[in-house]
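First, one chain by itself in C-alpha cells, the form predicted on its own.
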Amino acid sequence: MNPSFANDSVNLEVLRRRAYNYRWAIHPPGVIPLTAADPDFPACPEVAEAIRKHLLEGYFPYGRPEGDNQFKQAVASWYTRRKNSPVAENLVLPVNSAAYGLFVCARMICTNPGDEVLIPDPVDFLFRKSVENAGGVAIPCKVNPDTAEFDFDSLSQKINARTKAIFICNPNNPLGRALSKEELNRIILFAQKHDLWVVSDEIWADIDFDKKCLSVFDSKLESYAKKLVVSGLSKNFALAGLRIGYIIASDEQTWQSLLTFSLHQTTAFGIPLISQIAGTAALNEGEYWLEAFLQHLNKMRDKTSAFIDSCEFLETRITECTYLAFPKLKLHEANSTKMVEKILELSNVALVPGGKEWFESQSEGHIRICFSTSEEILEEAFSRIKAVEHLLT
C-alpha cells in the first residue's frame, strides 16, 4: 500500500476543521461523509513546497489578468503530453475554478436573453446554474445511463434559433462514463451542422480506469473552431480549496473574448497567483502522485462495486471513470433524498442523493457514493450501511 493513501495519512482533525461542502466539517464527529468529490488525502508534497517558497519571498502583488505564464505552459504541456491534444499556452486562460470557467463560457455564448444551451441529463447542477446565471436557458437532454451518449434524434428536436451551444461532461458526473471517440465526433459534427459551441467539462478526465478518456481537443477527433475545454485541479490533485481552473480556446479571437467576459481585467475577478504556483507544481512535478492515487482509487472502486453488489436495495453499476459510484435504488418509486436521509440517520454515513436539484431529473432514484478515501474509512462506512440494510428495504 502506498503510504500517501494509507489510513494514517487521513488527518481527520484537520478535515473536520477545513473540509466543507457537505464533508467532514459540517457533520458531527461520528459521521462518515462519502459526499462531495474531494479526496481525504493531503496533496503531493511538491505543491506545499512550491507554496512555501512563494510565501517566504514575502511579496503578494497582483498577477497577470491573462494568467501566469508558467501555469499556462504547464497546462499546455499536460494536454499535449497526456491527452494527445496539442495545446498552445497562449490559448489557456487560468480562472478561479472550473465552475467559474463554465460560467465564463456561458457568459460569452449567451449574449441575448433566452439563448439556449443543451446540457446532459444527468449532470452536475453547476451546468444549469452556470447557464442560468449567465442569462441563458439550460435545456436538459437525456443521455444513456450506461454510456452517457445522447439520443441525437431527440437532440435534434430541441434545436431552434435560440440554441447556441452544447455542454458536455466528459467523463460524466455522476454516471462515471467517458464518451467514445465515435460519440465525441458525432457531437462535434452535430454542433458544426447547427453552428453550436461545444463546451467540454473535463474536470474528471484524469480519473479513468477501464476506459481512457479523450479530450475534445484530441488530435484524432474532427477539427472544429468552436470547441472549448473547461477543467481544473480539484479532482486529479486534491486542490479544490485553491480554486484552480482553466479554459482552453481554439483560437486567439475566442481566447480574447473569454478574457473579456471573465472580467479579469477589472481586478475584481481572477485566479490568485499562489493557486497558479501550486497548479504548476502539481502538473510539472506531481504526475507520480496522480498515478499512485489512481492505483489506490482502482482498489477502492473494486470495494465499492463489491459493496453495491452485496446490497439488496442497490443495482450493480461499475464505475469506468471518476471516483464516484451512482447505483440505482431497486425499491419501487424510491425517493433518493429520503433514502439518503434514512441512511444518515441509521448508519451515520452521509451520501449524495439523485434528483433535479443535484444532477437533473433523470438522476432521481439513484444515490452517489464518493470513494476517494482510505480503505479503512470506506470499509467502516459500508459495514455500517450493511448493518442497517434490513431497515432500508
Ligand SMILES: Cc1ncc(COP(=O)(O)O)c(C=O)c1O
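On a predicted model such as this, the values are computed, not experimentally measured, just so you know. Note that residue numbering begins at 1 and tracks the sequence as displayed.
Only in words, not in the display: the form predicted together with this ligand, which the text now covers.
Enquirer: Considering non-hydrogen atoms and a 4.5 Å limit, does this ligand approach residue 79 in the model of the complex?
Expert: So residue 79 does not count as contacting this ligand.
Enquirer: Can you tell me if residue 97 lies within 4.5 angstroms of this ligand in the model of the complex, counting non-hydrogen atoms only?
Expert: Answer yes; at least one heavy atom of residue 97 falls within 4.5 Å of this ligand in the model of the complex.
Enquirer: Is residue 234 near this ligand? Define near as a heavy atom within 4.5 Å, in the model of the complex.
Expert: Taking the distances in the model of the complex, the answer for residue 234 is yes, it comes within 4.5 Å of this ligand.
Enquirer: Even though the partner isn't displayed, in the model of the complex is residue 264 close enough to this ligand, meaning a heavy atom within 4.5 Å?
Expert: No - in the model of the complex, heavy atoms of residue 264 and this ligand never come within 4.5 Å of each other.
Enquirer: Of the options 110, 229, 203, 75, which one has a non-hydrogen atom that comes within 4.5 Å of this ligand in the model of the complex?
Expert: Only one listed residue qualifies here, and that residue is 203.
Enquirer: Looking at 319, 304, 276, 173, which has any heavy atom no more than 4.5 Å from this ligand in the model of the complex?
Expert: It is 173 that has a heavy atom within 4.5 Å of the partner.
Enquirer: Only one of 248-256, 121-129, 145-153, 306-314 gets a heavy atom within 4.5 Å of this ligand in the model of the complex; which is it?
Expert: Checking each option against the 4.5 Å cut-off leaves 121-129.
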